[in-house]
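The chain below stands alone, shown as C-alpha cells; this is the form predicted alone.
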Amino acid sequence: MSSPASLGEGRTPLVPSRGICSRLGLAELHFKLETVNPTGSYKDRFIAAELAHLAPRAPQAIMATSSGNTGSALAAYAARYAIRCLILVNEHAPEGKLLQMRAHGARLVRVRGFGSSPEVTQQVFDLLRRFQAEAGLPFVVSAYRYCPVGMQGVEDLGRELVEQTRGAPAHVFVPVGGGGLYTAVCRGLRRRWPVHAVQPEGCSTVVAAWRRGDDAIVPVTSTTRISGLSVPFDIDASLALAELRATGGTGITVTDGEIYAAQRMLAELEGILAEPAGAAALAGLLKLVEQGIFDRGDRAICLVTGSGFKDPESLAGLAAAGEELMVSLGELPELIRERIRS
C-alpha cells in the first residue's frame, strides 16, 4: 500500500437531456453521470481520496458503516490495497450492493434498526468510535464529521461541473441523505450557483430545518425505502443546511413514489439506468417545475449518483412493463411483422 490505487474514478460525463427536457419544456437540462465510476457511484471519489490519505499508516483492516454505496466502493478499493474490511450496513440495504461487497471479500454485518432508528444508528456509530480508539482501526464514513480528507475528494464533482459548463450559470439538484455530498458539491462550486437539496419526505432532516428557518437538525424515525438517503440524524446535515442557505438553493421533499417515477423517466426517456437514490435529484426538479417555481428558461443539472444495477428490486420493477416472448421458429416471421408495425 505504498501508492494510491486509483481505479479511474472521476471525470464523469455531463450529458444533455433529450426526452425529459422536451417533455418539461425546459431550455436546458443535463445529467451528471456518477454511475460510470468504477463501482457505479460517486462514493468512489470519496474512498479513493480516503484510502490514499490512510496509505502511510498501512492499515491491515478497516471498519465502515454504509447504506450501500460506500461499502461497495470500500470493498473494491480495499481489495486493491489488500486491506481486510468489516462493513456494518443498513438493515434494508439493496442486495445488489451487498453482492458487490461480498464479491470483493468484505465481511458484512446487518444491524436491526440501523439507518431507520436514530437511537440505534447513533449507538452503532458510538460503538465503532470506541473500537477505533481502542484498536487504532480506521473508521470510514462518507461524512466530513468522520473523514474530511476523503470528502474533499468528492468536491472535485463541483469543480468538474464548472469546467464542463465553462462556468455558465446553472441550477444544480443534489440528493441529500447525511448531507456530505450536498456540502461537497457546494464547496466544489464555491457557491457560484443555486444548489437545491432534495430529500425523501420519510427522512427530512435538512429540508425540515430549512423550512422552519432554524438551525436544529431534529432526529427522525426514517420511513423512506430509499436506502441511500436514509440518515435519520445529524452527520453532515448541519453543514448541508448552512450551505443550502448560503447558495440560495431550495429545500425540496419528494415522496418515494415520486423518486421511483423519476427513476422510470430516466430509464425510458433518457436511457439512463439509475438506482432510486440516483433519481432523487430529478424528482426534485420535477416537483419545482410542477409547482411553477422553476424558471423553464434556466439551465438545470441533476446529479445521477448511483447505477440502477445496484438495486435489483427496483430494476425488476422497471423491467416489469417490458415484453419478453418465447416463440417457435415458425411463429417468428409473423411476430416480427406485427412488432415492427406497432
Ligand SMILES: Cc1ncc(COP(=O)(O)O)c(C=O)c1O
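This structure is a prediction, so every number in the text was calculated from the model and none was measured. One rule holds for the numbers: they count along the sequence shown, beginning at 1.
There is also a form predicted together with the named molecule; it is not shown, and the following applies to it.
Put simply, Glu275 is close to the named molecule in the predicted bound form: some heavy atom of it is within 4.5 Å. Although the partner is absent here, Lys43 sits close enough that one of its heavy atoms falls within 4.5 Å of the named molecule in the predicted bound form.
In the predicted bound form, the named molecule sits within 4.5 Å of a heavy atom of Ser142.
The named molecule in the predicted bound form is not approached by Ile259, whose heavy atoms all lie more than 4.5 angstroms from it. Screening Pro94, Pro175, Gly115, Gly150 for any heavy atom within 4.5 Å of the named molecule in the predicted bound form leaves a single hit, Pro175. In plain terms, the part of the chain that comes close to the named molecule in the predicted bound form, with a heavy atom within 4.5 Å, is 299-307 out of 22-30, 44-52, 299-307, 312-320.
For the stretch 69-92, the set of residues having any non-hydrogen atom within 4.5 angstroms of the named molecule in the predicted bound form comprises only Asn69.
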